[in-house]
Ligand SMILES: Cc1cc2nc3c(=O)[nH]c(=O)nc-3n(C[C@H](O)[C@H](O)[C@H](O)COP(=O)(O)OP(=O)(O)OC[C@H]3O[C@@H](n4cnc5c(N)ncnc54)[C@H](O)[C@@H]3O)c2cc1C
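Listed next as structure tokens is one chain, alone, in the form predicted on its own.
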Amino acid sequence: MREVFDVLVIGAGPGGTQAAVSAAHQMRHVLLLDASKVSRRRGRAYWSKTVKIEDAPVFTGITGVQFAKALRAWTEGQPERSIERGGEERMAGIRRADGFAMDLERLDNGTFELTYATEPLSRDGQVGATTTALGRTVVVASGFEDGWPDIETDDSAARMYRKYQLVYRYAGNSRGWHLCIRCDGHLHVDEHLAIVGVGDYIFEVVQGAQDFTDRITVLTNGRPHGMSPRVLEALRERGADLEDGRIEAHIGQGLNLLGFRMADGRELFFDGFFVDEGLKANDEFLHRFDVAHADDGLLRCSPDHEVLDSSGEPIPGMWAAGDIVAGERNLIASAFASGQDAGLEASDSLRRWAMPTGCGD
């Protein structure tokens, strides 16, 4: 007989960790899959290397690396253990596993089979050893990948965090690359902000920046700005500058980003740097399911965080939490909230007793 977990949680960030802890509190047996050591994929919070996190109510005043360690320690408070229910012995608590989700399939008996890689991906992206786990329910909390500007990248390296190593050198610092104007705008009050990106959606960053400063420059990095006439007009009406030259290199000192050297030889200096190059949901392993995506590529979910299919119906036994959920703020506090909902809903779905029909009418 193969072991069957009550809940498979894919992703060990704040959303996934909260889902696992919430389900374990209900005496469910949980497998929590952490991809960080295998795929090198980590959520936005991890890249806050020197700026202390202020959005995590119970983990205040710590950096991203410390935050990841605190989440791991939190799950250790719910270890696997044997319990007895109805004269039967079964397992409860959390088992952590280092692995990168590769495939999820629903078997004929209704359980989910998760296949995940257990060894770091090779330089050319090849997968080594894999293993499988069975679960009665699934919580998808695998987040998304942020797009990054193509500045000083090494195209010969296949893995993302090698390819963009110079970009990441300046990420997560008070004087470096920022991804969220709502999170980090307060670090640059009345300062000159550089915002890198194209398309109408970049105006959302400009719109958020107005809470902190009126000195804004949008850089397209040599690409057409891609803005509709009305958005472009609004950008100019608000006094924001538009720079369409190509960025050739960073100008930095240690871990501090100071400005850019442009392809035409100019040097532009700023006080803060924000980027929005789009994002991609980490949900390749859901290719067997007809999941619905919003315009931003994230998963459409019900108010109870059930993953929806293309017809708008919930996929039985599947919930989502954290940044991968469409329509929610990409903040740590929001991830905790959705993780709690998803973990409890998955747990509640496994109860043997249902409310009798007609009650409450």
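Computed from a predicted structure; not experimentally measured. All residue numbers are counted from 1 along the displayed sequence.
The form predicted together with this ligand exists for this protein as well; it is not shown, and the discussion that follows is about that form.
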Original post:
Since the chain is shown here on its own, which stretch among 220-228, 257-265, 93-101, 243-251 would lie within 4.5 Å of this ligand in the model of the complex, judged by heavy atoms?
Top reply: 93-101
**OP:** With heavy atoms only and a cut-off of 4.5 Å, decide whether residue 343 touches this ligand in the model of the complex.
**Re:** no
Original post:
Closest heavy atom of residue 143 to this ligand in the model of the complex, within 4.5 Å or not?
Top reply: yes
Original post:
Is residue 183 close to this ligand in the model of the complex, meaning a heavy atom pair under 4.5 Å apart or at it?
Top reply: yes
Original post:
Does residue 331 reach this ligand in the model of the complex if we count a contact as any heavy atom within 4.5 Å?
Top reply: yes
Original post:
Pick from 53, 292, 27, 65: which has a non-hydrogen atom within 4.5 Å of this ligand in the model of the complex?
Top reply: 53
Original post:
Which pick from 179, 167, 202, 194 sits with a heavy atom within 4.5 Å of this ligand in the model of the complex?
Top reply: 179
**OP:** Using the arrangement in the model of the complex, list in sequence order the residues of 194-219 with any heavy atom within 4.5 angstroms of this ligand.
**Re:** none
